[in-house]
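In what follows, one protein chain appears twice in different forms, each by itself as structure tokens: structure 1 and structure 2.
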Structure 1
């Protein structure tokens, strides 16, 4: 088209670009600079000192938190993907068009409820004298400790991610060529084998992306590990909120945040590469 952008085109394209550069990219880039600043007498000052990186990386508390967060987020991605898949498969392959549309609508509703309120409500369900334990008590079971441990954290992650993962899986399963499935059946391929060898490989990209989203959301969430997991020992995101809210050590929080971003980028690239790798290699 035209080589020189017109006033008209700039009027529409530039505001978003400027806004996201100034208030999204620039603040993230500023974190990098901030991580080299120093704090003296409770005042941050521009500097180029690696002291924050050394301080954070030499603490075993940080590495414990790092690997715990990584483990929790990975477990969350795998468990939620596995829980979601039978539901997504059934929605995509077993329901009629109308029921499918309704199901998608119903699964969108949770996005417009407050995650905080849901977590608070879960506290009431999961606490030692809570609703779930009282109910199990009627059946002669329990009480089980479901709050302030990894079970609580993972339950919270699932509340956050499950609707999104089901939706993303359904969208990718909807793109699976139905003729392939039919062909597999005609060739006497069993039901489970069809799912494992025809449906999952052809929806692989979407399924991996759905798992990736669960990982990203769980990795960065601080509400579930804090209010359902007890917050002690902390995850990386709890560390960031603690450091930021308790004083002027923002440069150290920036180090933790940058480490998280690097980890997320690595995981995301690996997952996307895996997702779009040619089948059979």
Structure 2
């Protein structure tokens, strides 16, 4: 069997290669080089000095922001995945084909609007005198502080990620073998046991990838931590903005950005390895 790639396949894969080189590898290489430059009199000098790495990694404020960002992104991925699964399960196993298509269309609608606009609208709902606290007031509850804290940030993350996670989970659950589910019911497995021992293991790869997308989008998000979380204490994305405003320190901002990229790549490879690992290995 001939396994050598043909000229036809190489030709059609060329645009992808060019895209990766132009928009990922070249900018990444420039970012690495930039992290070793220095700033003198508010002007960048193309030196080769590790001072930026030493300065950033020796500051406790960086590590506080790093672990805060990591914790918020991890909590976002877990909470959004758990919240999305009941909806994904209902769409995949309880709805007919026509209703399923309509639900997928409804999930796509939020992507027609700006994420920033949605975050601004959440401020109206979550403020101390907002719609949600007004409703809770009629019930004799609140007011509760929902802005400028982690709750506001996680709510913004959910606005960004939840529709996408549901869609990815639905696509994954659609490939679950219905015969296995039927066999579990015939063996008198309860609904919860069937979900835990048949459906989730069968759709593990897609479910993990959906959670990974939630983590990646949350880890790099700037809008929700700033406008719903208050921006203080900062996440890494906010720290990058603050550093660039402080004496044009783009090289130090590059160090933070490269740390974020390294973290995301590490988490992505670990998640993919776990998603496609066979049981018992």
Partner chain sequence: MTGNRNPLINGLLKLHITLCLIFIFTPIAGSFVFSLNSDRFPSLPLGSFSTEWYRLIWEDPLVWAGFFNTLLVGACVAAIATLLGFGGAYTDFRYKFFGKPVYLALALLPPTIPVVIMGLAMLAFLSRVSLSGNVISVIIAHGVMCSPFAMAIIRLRLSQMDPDLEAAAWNLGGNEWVTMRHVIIPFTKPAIYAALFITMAVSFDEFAVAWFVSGLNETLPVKVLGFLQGQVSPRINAIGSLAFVSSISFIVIAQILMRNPESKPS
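Definition used throughout: the rigid core is the maximal C-alpha set that superposes within 1.5 Å between two forms. None of these values were measured; they are calculated from a predicted model. Numbering follows the first chain given and starts at 1.
Structures 1 and 2, same chain in two forms; the form predicted together with its partner chain is found in structure 1. Shown in the overlay between structures 1 and 2, fitted on the rigid core, is a CA shift at residue 261 smaller than 2 Å. Once both forms are overlaid on the rigid core, the distance between the two CA positions of residue 22 between structures 1 and 2 is 2 angstroms or more.
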